[in-house]
Structure formats: C-alpha cells, structure tokens
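Below sits a lone chain in structure tokens, taken as the form predicted on its own.
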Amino acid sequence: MSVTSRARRSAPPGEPRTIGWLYAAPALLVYGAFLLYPLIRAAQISLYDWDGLTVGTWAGLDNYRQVAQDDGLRSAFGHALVLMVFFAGVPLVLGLALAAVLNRAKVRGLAFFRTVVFLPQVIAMVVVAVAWRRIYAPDGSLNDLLSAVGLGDLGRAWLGDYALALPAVGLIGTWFETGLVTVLMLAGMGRVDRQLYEAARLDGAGPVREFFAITLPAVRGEISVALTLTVIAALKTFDLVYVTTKGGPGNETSVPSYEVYHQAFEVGAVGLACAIGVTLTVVIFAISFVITRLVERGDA
C-alpha cells in the first residue's frame, strides 16, 4: 500500500476538502438556483422602472424612495407590524400559559390535545381563509352567535369595517399560530428536570414563581424558534389577506406581500414590486437576527 493511500485512509471524514464540497454541491446548486439567483435578480430589477413587458429604464434607488415615501406602501409595512402582535405576541402568551397549565396539571390525553391544537397548522391557509371569511360574513356564524346571546347590535360585516378589518384578519393568525407555539412550549417544558420543581416547592415557591424562575428560562430556545417562525409568517402572509380582504376596505389590511402582487400583476410596476420584496426580505432578516441575538445574550 502506498504512502498516499495510507495517508488518505487515516484522514478524518470529509478530507480532502474537495470530497466534502462534492457532497454539498447538489444542495448548493439547488439553493443557488431557486433562492440566491431569484433574490439577486429581484434586487437587479428593483433598480429599473419596468412594466414587465417593454424594455426597462434605469431608475436607480427611485423605487426604494417610493417605498419609503408612499403613504400606502408605508401603511402596508405598518399593518405587517400590527399583524406581528396577533401572529407572534398573542400566540406566545397564550401558548406559554396553556403549556404551563397542561405541563403542571399532567392532563390525561395530552397527546390528543397536542394533535387538536396543532391541527390548524396542517390545513392550507387558503382553506382557513375561506372558512373564516364565512364566519366573519354579515350572515356568518359570528353574527349569529352574537344574536343568540343578545348582542346582535354588535354584529357587522367584520372584514368590511375600516377599524376592525385588520384585527379580524390578525385574530385568524392568532388562531392559526397558537397551536404551533403551544406544542413547541410543551416540548421544551417536558425536558425540564422535575426535581427543580420539587426543590422550588420545598422552598415555598408557588406556581407563578415556579413559572418565572424555572419554566420560562428553560424554554428560552423554544421561544426563539416560535418567535422567529411566527414573526416571519406575519411578515410574509399573502394568501390570508388575498382571500379574505384583498387589502381592503380601502388599503386597511394591505401588507407588503400583497403589495408585491398588486404592484407587479395589477399595476404593472414590476421594479417597484421587486423593491418592496427586497425591503421586506431585509426587514425579515433584521428581525430574525435581533431575536436570535437577544436569545443568545440571555443564554450567555
């Protein structure tokens, strides 16, 4: 056996480096073709004034200036921030509370409960949107329920109300995301050593103190995952808005993802649509980075 062959056999897995790159090459090719190239191409188009059919003209950063200065587009990003409260903030609070109660009480049939609360996650958002549009309709289930309990005067076309349309859409997100957050929190709480709770109870700690002293620090990683997933879901939601309101009434429920579709395929401003998409991508990266850094700083 030659010296070269013996050296190759004694090398650690993945050596020489070229073999490792060959293994990673298919995944890198797919990643580059379906993610990096479209992103770079969108960034390029965002610098042009282009309707998608004729030859585009160089616009520089004008499309980005329009994103920053147009009231309607700024409102769309503001609406996305409001939806973050409904998609991420409220589900996190509800999920933590539900998981803490279930984990402490040791409810029988916990696996069945997990399946039930996770069920919305396996339903296509379009189906969810169609179902909730019927619930919110003037002759829908919500108004029927209010009439049944003597609160019929509160009934209205919820998705057509300028003040309540955005919260109504947000509540759909709350219903959709709470199950995911609850299951994540239950998984994290299940890993906590029970002896820590027993020691805390011997020291006289009650349920609330146990939660803040033991449970909450133990599930910090799961909170980071839940916040990242739900915040991204809030920022990139399109199908829910398109099916329920199409950005209306007026533009009260318009969000950046819907504006990308509206500007590109209905207005014909493809360059502006790409600028909105690139801006949204930067916002998502920035928020995800902040969430990750905050959690890492808490672990340090």
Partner chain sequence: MKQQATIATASAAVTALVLSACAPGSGGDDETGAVATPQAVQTDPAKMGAVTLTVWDQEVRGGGNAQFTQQIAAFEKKYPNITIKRVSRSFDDLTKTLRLGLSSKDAPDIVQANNTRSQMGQFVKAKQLIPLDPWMKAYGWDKRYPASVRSVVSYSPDAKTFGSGNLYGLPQVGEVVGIYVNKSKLTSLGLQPPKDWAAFESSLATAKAKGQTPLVLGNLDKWPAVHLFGVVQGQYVKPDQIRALGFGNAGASWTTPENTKAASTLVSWVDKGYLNKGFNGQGYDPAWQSFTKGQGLYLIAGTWLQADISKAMGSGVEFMLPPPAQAGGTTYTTGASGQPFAITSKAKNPDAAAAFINFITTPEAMRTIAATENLPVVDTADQKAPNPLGQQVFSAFDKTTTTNGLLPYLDWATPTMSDTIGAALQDMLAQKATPEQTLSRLQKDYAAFTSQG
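All values reported here derive from a predicted model rather than from experimental measurement. Residue numbers count along the first chain shown, from 1.
What follows is about the form predicted in complex with its partner chain, which we do not show.
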Check N103, M189 and I214: does every one of them have a heavy atom within 4.5 Å of its partner chain in the predicted complex?
no
Which one of these stretches, 158-166, 176-184, 112-120, 193-201, sits within 4.5 Å of its partner chain in the predicted complex when only heavy atoms are counted?
158-166
In the predicted complex, which of the listed residues (A59, A264, V67, A233) lies with a heavy atom within 4.5 Å of its partner chain?
A264
Please check if L28 has a heavy atom lying within 4.5 Å of any heavy atom of its partner chain in the predicted complex.
no
Heavy atoms within 4.5 Å of its partner chain in the predicted complex: does D51 have any?
yes
Since only the chain is shown here, I'm wondering whether T245 would be in contact with its partner chain in the predicted complex (any heavy atom pair within 4.5 Å).
yes
Using a 4.5 angstroms cut-off on non-hydrogen atoms, would R209 count as touching its partner chain in the predicted complex?
no
Under the 4.5 Å heavy atom criterion, name the residues of 124-141 that approach its partner chain in the predicted complex, in sequence order.
R133, R134, A137, P138, D139
